[in-house]
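The chain that follows stands alone, in the form predicted on its own, written as structure tokens.
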């Protein structure tokens, strides 16, 4: 029997899905899950995603490195912002990070009832694809979106996975069809150029972080699979 895959366009819609027994891929391309993948690949021991700034500050007082943003802007009391380059600093090897972001950590928290939660990005695209292929679970690609709304970059990532997995997984929804169309469209002028048309990219580019955005569009920088184990993201 063919396994099913569903694209959830935003955390505001995840309540419509039955997460029990499912493999959920959480994606927030600009920039939370890209940061998580880059950090874990660079030797960070664990990343603990939390919902609120207050929770993050509590963990900071217990020795964690604090990281995160609201509205794309680094929280002043935190050690790090939400740049993948922040997470790749050599001084962070072996350290524990606590993070909270506008969209990505919310999507992770709202996926808590799933059987398995994997952190996805373009940076570890093939590792995610291969893990889905080896799994026996139905799959939900949970796009973090932007403050409850659909966004281009996360849905395009979902479309790329769907295209790669079309022989292994069954999908019929309009969201899945749209995601596949976006992935095909992104090939015309290159992924980065396509995603820089997104509203979220334009917001963030106005903050002078084009370097971050370009890096987040790189395919297969790392061969790792960060997963939620307990309350933490670790590499399995």
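Positions refer to the first chain, counted from 1. All values derive from a computational prediction rather than experimental measurement.
Beyond the structure shown, there is the form predicted together with another copy of the chain, which is absent from this document and is the topic of what follows.
Only one of 40-48, 181-189, 204-212, 66-74 lies within 4.5 Å of another copy of the chain in the model of the complex by heavy atoms, and it is 181-189.
This chain is displayed alone, yet in the model of the complex one of 53, 169, 59, 175 has a heavy atom within 4.5 Å of another copy of the chain; that residue is 175. Residue-level contacts in the model of the complex: of 228, 217, 9, 23, one residue has a heavy atom within 4.5 Å of another copy of the chain, and it is 9.
For residue 224, no non-hydrogen atom is located within 4.5 Å of another copy of the chain in the model of the complex, even though that partner is not displayed. None of the heavy atoms of residue 125 is located within 4.5 Å of another copy of the chain in the model of the complex. Although the partner is absent here, residue 89 sits far enough away that none of its heavy atoms falls within 4.5 Å of another copy of the chain in the model of the complex. In the model of the complex, another copy of the chain lies within 4.5 Å of some heavy atom of residue 152. Applying a 4.5 Å heavy atom cutoff to another copy of the chain in the model of the complex picks out 10, 12, 13, 15, 16 from 10-44, in order along the sequence.
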